[in-house]
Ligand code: HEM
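Only one chain is given next, in structure tokens, and it is the form predicted alone.
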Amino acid sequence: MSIDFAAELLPGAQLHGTLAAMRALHPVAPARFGGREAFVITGHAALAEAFKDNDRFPPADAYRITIEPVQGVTFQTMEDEQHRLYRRLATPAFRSSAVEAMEQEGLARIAHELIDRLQGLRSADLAEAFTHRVAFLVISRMLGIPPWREDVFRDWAVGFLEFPRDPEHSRRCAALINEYLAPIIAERRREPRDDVISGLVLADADGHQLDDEEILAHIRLLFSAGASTTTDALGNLLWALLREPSLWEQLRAEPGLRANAIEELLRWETPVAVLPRISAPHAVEFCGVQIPPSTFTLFAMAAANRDPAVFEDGDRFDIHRDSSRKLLSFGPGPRLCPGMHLARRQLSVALDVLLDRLPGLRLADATGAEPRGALLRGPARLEASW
């Protein structure tokens, strides 16, 4: 297979057709990644096993190459006991009362604010006006960024995520984030508040606390692992529902179906379509395939989530399907995504607000709104009218 998953966009059905053809041949298929030999795991059973096998597929190595140079060292790029320690330090901040208040009131407030900006309009690019902004604003407010700095802070966060496509710009944006947050961290050490930064400052596990650089790295992790994926998931959800207007109308009439529609979206067009890992530094055998040492091994959730051995008619988007317990989108096993609850909640609240405020929403260009990207996947534009 000549597809290079690091370079191809594979919009719409192209990605899924490519992965289905590979899966039909074998659950582990040869491919390319960044011009190098790679393997893609496409079968549901095989991928579920691989996610739990940190010996053959150590999870941190790929992150060390792709994001650690600009993000810094986080629990994402750590192994074993160190990973468990730093995960314990970082994640309690996102179970604080500040996050709970955000879930109860703040998420809807942000969504309504963004729709208010469209007042008087009858059409817009909802990617630019809504889906590309919601998750970044949520994180900014959990961090305590003042409203008048939110847009520029979002620009820095988006720019920081350009690594490794534009390393220089990414590093400049990361430096601006550090410059802005450093005095806030110092202030929270003197006078903690009920926000995420204070939670990170006060976190303690076995007598260990995060230093300033570790706090900054984990804040940057919020944007790379949280905001970008939630942004893409929301864009994918709107595209999936609006390309068939009857689905939008059905969810307006039957609110009880909305949570299931989100779960189906996470299966059918997951925002992290293919997750790169690097195999162990020695040759390994997996599903009868010999994988050379330190070889990119791509975890294709987009393929496993449509595996016909598990999901009947898996290429069909069916808001009545019950698939949540079989999803591989959040990475089962010891690396299960800690932000999945908040991500689901953001999708739910944003969908409710859009259905309420823009009831006659229609896509103006369904093809132009197709999700694209072989790794991270979402619409670049969502031209719509209402």
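Throughout, we count residues from 1 along the sequence that is shown. Owing to the predicted nature of the structure, the values given are computational and were not obtained by experimental measurement.
The discussion below concerns the form predicted in complex with the named molecule, not included here.
**Q** Heavy atom within 4.5 Å of the named molecule in the predicted bound form: which of Leu89, Leu114, Leu222, Leu237?
**A** Exactly one listed residue reaches within 4.5 Å, namely Leu222.
**Q** From the list Ser198, Gln76, Ser170, Ser140, which entry has a heavy atom within 4.5 Å of the named molecule in the predicted bound form?
**A** Of the listed residues, the single hit is Gln76.
**Q** Among Leu10, Ala29 and Trp268, does every residue place a heavy atom within 4.5 Å of the named molecule in the predicted bound form?
**A** The answer is no; none of Leu10, Ala29 and Trp268 reaches the named molecule.
**Q** Taking any heavy atom pair closer than or equal to 4.5 Å as contact, tell me whether Ile145 reaches the named molecule in the predicted bound form.
**A** Outside the cut-off, so no.
**Q** Taking the shortest heavy atom distance, is Val272 within 4.5 Å of the named molecule in the predicted bound form?
**A** Output for Val272 is yes: heavy atoms within 4.5 Å of the named molecule.
**Q** Does Cys337 make contact with the named molecule in the predicted bound form, using a 4.5 Å heavy atom cut-off?
**A** Cys337: yes, in contact with the named molecule in the predicted bound form.
**Q** Within 4.5 Å, heavy atoms only: does Phe51 come near the named molecule in the predicted bound form?
**A** Taking the distances in the predicted bound form, the answer for Phe51 is yes, it comes within 4.5 Å of the named molecule.
**Q** Any idea which of 272 to 280, 159 to 167, 202 to 210, 101 to 109 reaches within 4.5 Å of the named molecule in the predicted bound form, heavy atoms considered?
**A** In the other structure, the partner sits against 272 to 280.
**Q** In sequence order, which positions of 203 to 233 have a non-hydrogen atom within 4.5 Å of the named molecule in the predicted bound form?
**A** The stretch touches the partner through Leu221, Leu222, Ala225, Gly226, Thr229, Thr230, Ala233.
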